[in-house]
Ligand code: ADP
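Below you will find one chain, with nothing else, as structure tokens; this is the form predicted on its own, and questions on how it binds or moves follow later.
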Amino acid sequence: MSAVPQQPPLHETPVTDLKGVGPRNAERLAKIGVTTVQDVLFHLPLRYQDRTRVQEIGALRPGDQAVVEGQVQTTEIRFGRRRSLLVTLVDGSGSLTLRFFHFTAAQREALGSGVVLRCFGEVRKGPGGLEMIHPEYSREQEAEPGSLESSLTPIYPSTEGMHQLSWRGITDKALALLERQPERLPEWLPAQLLERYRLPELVPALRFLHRPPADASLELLFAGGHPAQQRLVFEELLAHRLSLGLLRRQRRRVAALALTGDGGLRRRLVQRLGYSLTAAQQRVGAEIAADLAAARPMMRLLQGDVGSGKTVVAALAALQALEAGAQVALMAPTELLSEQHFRTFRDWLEPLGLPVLWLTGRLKGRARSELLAELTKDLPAVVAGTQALFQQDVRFARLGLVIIDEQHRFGVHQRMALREKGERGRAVPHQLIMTATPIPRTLAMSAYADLDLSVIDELPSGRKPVATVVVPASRRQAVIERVRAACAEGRQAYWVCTLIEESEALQCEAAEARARQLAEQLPDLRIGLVHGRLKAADKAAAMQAFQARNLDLLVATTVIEVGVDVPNASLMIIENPERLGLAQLHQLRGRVGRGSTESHCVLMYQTPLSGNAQQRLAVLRESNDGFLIAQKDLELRGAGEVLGTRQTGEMQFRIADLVRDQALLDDVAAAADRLLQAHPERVPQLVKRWLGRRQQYINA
């Protein structure tokens, strides 16, 4: 007797194996990443409709989606802006209007007085009471006594050409296959984990979510809190956590230069600073120093609020590498910021006898060739720059440390390319990643679980919080007078222009127009202009003039968001703040308050403000705590918006929601550790199920 051939698992079973899925539907499904039967099962409904019971018309409320049954009382054609067919339906408890904008003469005849209908639709307020617009309906003789749905009706996220009936047909077939052969969708979570965290098994959870029983709580399903949903959320978060754990293990197997140094250069820099490091700076500096001294590559994320002193900590790390005879690359996302880092490091390091170089895209010809030649010499040096640092012709002799500022602005491939620049045999450089955008713990646990985390959670003494006010644009003249008064006292001010439109060209034009208007209204002030379309040399000249106090007012776009350090600037005006995220507004505000003088930020908004915008601006007015602001930003805008697509790389969740599901993260972290220790063979399977090809890019 021949053995029954083993069926492939559902993640290897093409969707075309389901009856009724031909080449055309397969092509449509592929557009949204559904190519296998497993993909169908994990393509979960967005929401549900309750078609399991008939509701009394008298109990309906606006917004309800309901099945009703009643008798047609009247039918008429109403003429107005749009011709419509109005059908009045009564059931003894009340009446409801059915409104059809598109109808035929035959349809009108079929909906005559006395006909009994069963309808499904959304209830809305109409001119004469409650109504349904274009409901689904059937006549009494067509609606069999048992024809109500036995489960809640799922509504799936879809693509062009795929109707909800098609989705229900496809998922019916996938569920039937799963029912017959559940072993083709393996349960990768061990029984101990399911029991410990009270999670249902995978197959029953999927079956429930595709076809919830009539008594299932719509409210709980809508909130994402049903145990069946939380089971899948847990598994998806676990897969992401494990992918980062695998990446972390992989990195720890690679060698790096052990950068020990004798500490002499670091001590000399601290002595020259003229101020003491905060306890937080000292603590974080010690964490980084220990990492650099190890023979495996450091991968550390350095977080610190605006003005917390991350650059000094980075300079001390660079000096440790230089003491060990290695080179340091410092990469910033903009030429403006890279130049500021170059100048800061040059002021600190050149008095110690150390070379600091600057490589940007505008360095050409002989000057560029000479700088590249310097990098090929096996001599300690720091080179600051932009993306130009990882161009093909850039070669380092002994790159020991890479410092990346505001790393979320770089793509995954760019960060990997710079790391590869330093490979000597099998050794790779240490990486210190800095961000002045405080990242809520929720996101740090999920997006950066492969990194060690250091937080500078203390501001230098003497720093005063920035007082923030929110005013409508109708008070523009009063704001202009405030700028005049501040500059008359010898202070400097920023005026930041943002637009509702995304166009950089329009934003630059707006900044130019605002600079001209302000020059007319404030003729006694020296006004400069900085925006993204200026030549780099003109931009740098304007910034240098502002830093040297040769300008009173700097009109700019959000290009000044990071890296500009002018302690004498004490007033910041931001137009259209409702257009920006909280984290970006906090960054912009951080350009003032860098000296000992009390500083102010004016958020000048356009009316009317949405409720969400009012909430966001209120948070900024009430708090200077970057981490609290980042958490509020996460709650109001969601993880994707806060991190930005480039920062998340390919990290997009199918089912989990980092804000809604953050309470699970500690359990997910513990479960990941248990799984890696006790069931390492299951880890790749889980990661593959949820991330597929994307896993190689997660925070690489």
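Here the structure is a predicted model, which is why all the values come from computation and not from measurement. Numbers follow the displayed sequence, beginning with 1.
Here the subject shifts to the form predicted in complex with adenosine-5'-diphosphate (ADP), a form of this protein not shown in this document.
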Of the options 103, 627, 222, 275, which one has a non-hydrogen atom that comes within 4.5 Å of adenosine-5'-diphosphate (ADP) in the model of the complex?
275
Only one of 463, 491, 300, 211 comes within 4.5 Å of adenosine-5'-diphosphate (ADP) in the model of the complex by heavy atoms, so just point that one out.
463
Let me test this: is every residue among 293, 398 and 400 within 4.5 Å of adenosine-5'-diphosphate (ADP) in the model of the complex, going by heavy atom positions?
no
With the partner left out here, check for me: in the model of the complex, does some heavy atom of residue 565 sit within 4.5 Å of adenosine-5'-diphosphate (ADP)?
yes
May I ask you to state whether residue 131 is within 4.5 Å of adenosine-5'-diphosphate (ADP) in the model of the complex, using heavy atom distances?
no
Report whether the minimum heavy atom distance between residue 235 and adenosine-5'-diphosphate (ADP) in the model of the complex is within 4.5 Å.
no
Contact label in the model of the complex: residue 310 to adenosine-5'-diphosphate (ADP), heavy atom within 4.5 Å
yes
Can you tell me which of 253-261, 529-537, 310-318, 481-489 lies within 4.5 Å of adenosine-5'-diphosphate (ADP) in the model of the complex, counting heavy atoms only?
310-318
